[in-house]
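One chain is shown next in structure tokens, namely the form predicted on its own.
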């Protein structure tokens, strides 16, 4: 509903992110009587996990490329039946407390890349952050060659574009028709390119199984960690049996397609002139240092690589929300039992509190929706209700497994031994490992921020999402005790045009009725 003073839409709750957590939180809150706005950068809901082809591709069975598709169809049906306002194609760049009314201003820009024709401001009494995560990348020689993609990126190409990395083959029985579109998905296709899947974390098994099923030839899955870390927690495994079932399903699919699993190994170099032609896979010791003389070359057309996921916290840290260190070294939000952050009125669910998967995200989103509806309705917290107790038990059980998973696949300190000084670490600014090491050893940099100031590593378009983890690890290699990396507090979560910021200043001046600001604005326009 619009605010009569500003014409900006105003809601009880603004949910940022339309993945599993955001969908669950939005529909739960709406079903309990709240007015809800659901904002997402994508043109359609689902997030990264439930990413699916655009209608124009004509895929008739997108469920063939997904696990647990029924959960998404249920959430999508509840969304369609609810009063939730879906604001697709909205890139939220900041959330600030409104000057009056105890509300929050959610600022976004529209368009496929945030370059649409207009800025948008949504006002809400409460905010639920369900911003998900992005892949952690650790560089190695040759990782900038065409054909090297993120493991999650390869899966996104498959789910949303119906193509395979390496040669663009339409997967899963997709038959091209006029305009190159795809008419179906799900059956077996002709053989695609050779794609090595490497890195660390359970996502690798899912990605490799999906690619193999879709027609890619997967010579190997290269896992830098092992799986023995899970065996040290039998009780946690026993109460999360569904996770073992998922792993068994992926393992069976890999066996059926003849995919070899190589543990305690990593891709330490990519070979090729203008594209990927082969990779070198080396054995690793317990600290992820390459074992001398263990390198073996595997011929391939593409490499899908990723070392787990990192929560996307830019909006949360911009608000001043407290974080904590997870078992894999990443920063996650510190949340209470009701999913509320340290900033009153700001809740979070899903990967922002630690990487745990879509099922956990749905549970946390629903819990947050219950808590927000109770708070805004002036009712006690719902912790005592049977529904909330059941959800809380499921969350705690799955969070325990997520902690085991994070510890089992945490990057070892020796991974940087893969790097020679010529390897680009920051791709945007073309900053090499040698320049970063020089900043540390010769100029005394002891944290990622100082390295950035000296070398520009992390100042590019991705703002450190690709290189941040690597830069922090290299900074920690300097003499003496390195300062622990911490998430930066930034006013902008995504790139924003200056004209958007200027318009925001003008709006604030007109709302405040400040005559000096208004006069300055008129003078600046050359009246």
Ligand SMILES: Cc1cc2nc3c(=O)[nH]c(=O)nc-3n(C[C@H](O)[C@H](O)[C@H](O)COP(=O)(O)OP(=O)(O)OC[C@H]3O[C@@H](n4cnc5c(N)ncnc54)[C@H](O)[C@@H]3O)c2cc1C
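Positions refer to the first chain, counted from 1. These figures come from a predicted structure and were not determined experimentally.
Only in words, not in the display: the form predicted in complex with the named molecule, which the text now covers.
Picking from 381-389, 214-222, 290-298, 126-134 the stretch near the named molecule in the predicted bound form, with a 4.5 Å limit on heavy atoms, gives 126-134. The named molecule in the predicted bound form comes within 4.5 Å of no heavy atom belonging to residue 25. Heavy atoms of residue 46 reach within 4.5 Å of the named molecule in the predicted bound form, making it an interface residue. In the predicted bound form, at least one heavy atom of residue 153 sits within 4.5 Å of a heavy atom of the named molecule. Taking the partner from elsewhere, residue 64 is found to have every heavy atom lying beyond 4.5 Å of the named molecule in the predicted bound form. Proximity to the named molecule in the predicted bound form, taken as a non-hydrogen atom within 4.5 angstroms, holds for one residue of 203, 373, 419, 445, which is 203. Among 406, 92, 302, 431, the residue placing a heavy atom within 4.5 Å of the named molecule in the predicted bound form is 92. Residues 21, 22, 39, 40, 41, 42 are the ones in 21-43 with at least one heavy atom within 4.5 Å of the named molecule in the predicted bound form, listed in sequence order.
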